Structure formats: structure tokens, C-alpha cells
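What follows is a single chain, given as C-alpha cells, in the form predicted on its own.
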């Protein structure tokens, strides 16, 4: 895999996540007790031998810089290659094109300088433990210019409406890319991952800007589908598509399934993240924990059921937490009740306070917010 570099970029709208993305991009959302969404994408790339990775950060760069830094947790703090962070462009040197094509083109020097011949594109808001090595060999062996990765999804309830729907012909030939309207219970979901020859990638960027026919690389693939050899590769593992508050909440709670957590956390290599030393979690005699994922550094005195609890959380005696995501350093005092909720970092729920939402619309407590009885 030393011939392939990784590109991480997302076009997800942070506004779909409400207050939890007020000061952070969606790919930096805390996930699974101690990780961020982007950790899964970077870790999977590193575990499969990619040593040059570029992250196109978007506008809210502060939390990205703080978490990723020089890439040390992923062994990417190297003198040659390593981790590269690119903030968005803010001038008009490529005209009025400010989709991802303009972002990529603004870093053309990076692509010219890197020695890798191929590019692996990935959307960090879609979590899938793809065996990148196997998919890359398929890409090379078939002689394709572009290989798009998809997952055949069963979606009878329409949870994936408006996701990318890929149309596949015989022998994995790419036919087209559209939008899922849930007219079929099964559809081929394009999971935001693709291999591209670097010279083809650069040519598509230049042609798109010069001709002014598209601002986005995904649209360019459709536009130039008859010009290049494009095929598809089917991924058969578990996929989490995180595009709004509801899907983020559901994806966290899905980790309570042993099969899902085993695949996402351990299959194909471990998930790495920025380390923070914390003591073991303290469970007192009054605590009662069922089917929950609880990180280190917590103090649990109350009841926790079907929930994800991050590092350093304190849950008081008599408190009841169910079907909730409680982020780092939050405090839930005695006899409080939290059901179907997402609590951002360092929130405070006072004594006897009751908050609750629903599975379809979880109650959100924003970062640093305090809720107390008057």
C-alpha cells in the first residue's frame, strides 16, 4: 500500500446535527466512549499501510487541530510523508468553485510532491472496516481508473433516504450514481470510498475547473463516466452512515451489539485515538449497570442501562440513565433521570432533574450547559 495515499474529506452539513456541531465539524463528534468519528477512518488507513494521509478540515478547524495534532497516535508524525491538514481556501484563485474540487486543486503542490501513484478517498462520516488491501488489489488487477466502493443495504424503513445510490452493471461495471428515494427495500449504497489513479484524479480536477461543469468530485465521476474505466467493489461488512443527529445517536447505541462492536473496534486492526490517562472507573455498591459501554475515569453510583458513557463522567446515587449518550466530564447528580438523550461534553444535570426524548428525536444538552431545578 506504499503506492497509495489517503484523502479524508466530507461534505456533510453540520447543521443537521443541531447544537452538538456548533463548534466542531461532524467528523469530530465523540463516538463509542473515547473516540472521534475520524479515528476510525485514519486508523483503518494506517492499519492497511497508508503512510501519507491528507485531511480536508472544513471551516471548524480548532477541534481537528487539537485532536489530530501531528498524527502521533497513528504513527503519522514523520519527517517524510505522514499527516497533512488542509483548511478550506478563502480566496478566488480558482474562480467561484468552492466545492471539494476547488479544495483539492488548492493543494495541487501536495499531489505533485507525493510519490504515490494512487489515491484512496474516504468520507469519515461513514464508518466501515473495509479491507483496504483487498479492495486495492481488485482495483489494480482490474486495471480500472476509478473503483467505487458500495454496500448492498436492506433499508425497508427508509433510514437511508437521500443517501448515494450506485447502479452496478455486469462484471461490477459502474453505470450511474443517484439518490436513494427508498423505492426499493434493497439498494446499493455508495459508502463514500473510492480508489483513483492520481494522474486521472488531477486531470478530472483541472478539466472540471476549466470547463466549469461541476464543483464536486462525485458529480465529476458521473459527468466523465464514459471517458474513464470505472468499476465497483462490494463491501459486505457493517456500515454506519452518520449524517444527522438521529443517525449519530443510533450509531452509538448500535455499539452495544457485540457483533457490531467487535467488527468496528477489532476487525482488521485496532482503533487509535489521542490518549488521555484516566484511572479505572469506580462502581459503588449502589450502582447498577446493564448492557452499557462505559469508558475509564468515571464514577458510577446510579443506574445505567443501554447507554454509552464517555471518560470522566460522574453519575450520582439514585440517578437513572437509559438509552443515552453521555460525553466526557459530564455530571449527573443524585436522583436525576436521563432517557433517550445526548449529553455533550462537560454538561451538568442537577439533582432530581428529569430529561427525556425519543429514539427518533433524542433530547440534546449542548456543551457546558447546566440544567437544574429552580
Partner chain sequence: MGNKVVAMLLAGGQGSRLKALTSKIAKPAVPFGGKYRIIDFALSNATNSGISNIGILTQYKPYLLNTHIGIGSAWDYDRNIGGLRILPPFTSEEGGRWYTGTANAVYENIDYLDELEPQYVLILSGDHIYKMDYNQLLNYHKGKKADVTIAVMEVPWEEASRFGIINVDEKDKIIEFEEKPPKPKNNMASMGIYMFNWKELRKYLRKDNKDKDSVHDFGKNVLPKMLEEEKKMYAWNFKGYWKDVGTVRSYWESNMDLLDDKNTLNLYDKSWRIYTKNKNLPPQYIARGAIVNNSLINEGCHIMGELNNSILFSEIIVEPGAIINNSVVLSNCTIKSGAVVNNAVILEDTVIEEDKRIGEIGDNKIYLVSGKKIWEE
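Residue numbers count along the first chain shown, from 1. No experiment lies behind these values; they were computed from the predicted model shown.
Although not depicted, the form predicted in complex with its partner chain is the subject of the following passage.
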property	result
Contact label in the predicted complex: residue 87 to its partner chain, heavy atom within 4.5 Å	no
Residue 99 within 4.5 Å of its partner chain in the predicted complex, heavy atoms	no
Non-hydrogen atom contact residue 298 with its partner chain in the predicted complex at 4.5 angstroms	yes
Residue 275: touches its partner chain in the predicted complex, heavy atom cutoff 4.5 angstroms	yes
Of 162, 131, 213, 291, the one that lies within 4.5 Å of its partner chain in the predicted complex (heavy atoms)	291
Single option in 60, 48, 329, 51 placed near its partner chain in the predicted complex, where near means a heavy atom within 4.5 Å	329
Its partner chain in the predicted complex: contacting segment from 259-267, 226-234, 198-206, 103-111, heavy atom within 4.5 Å	259-267
Interface residues of 275-290 toward its partner chain, as seen in the predicted complex [heavy atoms, 4.5 Å]	275, 276, 277, 278, 279, 280, 281, 282, 283, 284, 285, 287, 289, 290
